[in-house]
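Take a look at this one chain, the form predicted on its own, written out in C-alpha cells.
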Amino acid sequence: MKLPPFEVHRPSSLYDASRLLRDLGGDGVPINGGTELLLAMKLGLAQYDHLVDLKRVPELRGVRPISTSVSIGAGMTHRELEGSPVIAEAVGEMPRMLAEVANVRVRSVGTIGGNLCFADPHSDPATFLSAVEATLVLGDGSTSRRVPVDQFFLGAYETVLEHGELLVEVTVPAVPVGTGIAHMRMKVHERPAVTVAAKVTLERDTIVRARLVVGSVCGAPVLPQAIDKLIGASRGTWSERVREVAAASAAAVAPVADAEGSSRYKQALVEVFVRRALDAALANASGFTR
C-alpha cells in the first residue's frame, strides 16, 4: 500500500494551524500521530492534498494539575500519558486504560486528541473519558469552547468539531475519596469488541452517584439509563442491583455487527462486562472485594 501524494504544512501555533485549515477547506486535514489517518489514506478510504502537521504547536502539549482536575494537551501521546505521575496520582485508572490501547508502537506515536477526533467506534479513551466526565476544550487560537466528552461524538467517525477548529486539551476531574473507577474491555483482534467504564461514589456504604458508559459496540459511546437503578443500593443489595443493571444495559444497546462480532454476541458481552466493571468500581471505591 502506498500513500497518495500530498503536501505537508507545519504551523508553529494553534492560530496558524486553524487559519491554514480554514484556507485549505476540504483539501486539508490536521495530523499529529497519524496512526489512523495515514492508514485510511493508504487504503484509499480518505484523500487529502494537504496535511497540517500539529507536532510543533505548543498549545497542544503538556500535562498539568489544575485545582481538582488535570489538564492534558491533545497532542500528548498515549505512551507519554501512560507514564505521567500527575495523571497516576489524580486518576489512577487512566494509565492502566492507556496501557491497553492498541500496541506500544501505536501508543508511542498516536495522541489522545487524535484518537478522540478520529472518532473510531472502537476506542478505549472515548469510553473511559466519558465515564469520568472529562471535558474537551475546542479552539482556533482566538476563541474556544468546552464540550463534555459524551457530547463530542455524533456517530462513527463524526464529531462536533467545525472545520478549522481543533481539540486543544482534555480536562479530567481527579477522583475524589469514596469514588471508584473501573475500565473493562475485550478484544478479538487489534481493536476492542466491547469497552465498559464505570464510576461509583459511596457515602456510608451506600451508592449516591453512579455512571456507566458502554463503548465499541455502537457508532459512539452509550450511557445506559439503567445505571440509575444503583442509586441508593447498599452492600446488601449490590449484587442484585448490578445484575439488573447489566441485563437492562445489554437490552438497551443496539450493537452494530462487524468484524468484532454479531449484534447478539456483543449484547452478551455487554452484560458480562457491565457486571464486571461495576463490581470492580465498587471495590476501588471502598477497598471491599466480595
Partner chain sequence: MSTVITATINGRTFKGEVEDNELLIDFLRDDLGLNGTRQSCEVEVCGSCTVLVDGLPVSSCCYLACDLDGKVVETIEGLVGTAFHEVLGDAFVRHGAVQCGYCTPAMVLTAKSFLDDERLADEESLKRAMRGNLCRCTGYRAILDALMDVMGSERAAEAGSGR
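Positions refer to the first chain, counted from 1. What you see is a predicted model, and the numbers here were worked out from it, not measured in a lab.
What comes next is about the form predicted in complex with the partner chain, which does not appear here.
**Q** Within 4.5 Å of the partner chain in the predicted complex, heavy atoms considered, which of Arg235, Lys42, Arg64, Arg243?
**A** Result of the distance check: Lys42.
**Q** Of these, Asp120, Asp205, Glu89, Glu100, which has a heavy atom no more than 4.5 Å from the partner chain in the predicted complex?
**A** Looking at Asp120, Asp205, Glu89, Glu100 one by one, just Glu100 meets the 4.5 Å heavy-atom criterion.
**Q** Can you check whether Leu38 is within 4.5 Å of the partner chain in the predicted complex, heavy atom basis?
**A** Leu38: yes, in contact with the partner chain in the predicted complex.
**Q** Would you please decide whether Arg211 lies within 4.5 angstroms of the partner chain in the predicted complex, comparing each non-hydrogen atom pair?
**A** Answer no; every heavy atom of Arg211 is more than 4.5 Å from the partner chain in the predicted complex.
**Q** Answer yes if any heavy atom of Arg10 is within 4.5 Å of a heavy atom of the partner chain in the predicted complex; otherwise answer no.
**A** Yes - in the predicted complex, heavy atoms of Arg10 and the partner chain come within 4.5 Å of each other.
**Q** Would Asp53 count as touching the partner chain in the predicted complex under a 4.5 Å heavy atom rule?
**A** Asp53: contacts the partner chain in the predicted complex.
**Q** Counting only non-hydrogen atoms, which stretch in 214-222, 154-162, 130-138, 106-114 is within 4.5 Å of the partner chain in the predicted complex?
**A** In short, 106-114.
**Q** Where, within 2-21, is there a heavy atom within 4.5 Å of the partner chain in the predicted complex? Residue list please.
**A** Stretch hits, in order: Lys2, Leu3, Pro4, Pro5, Phe6, Glu7, Val8, Arg10.
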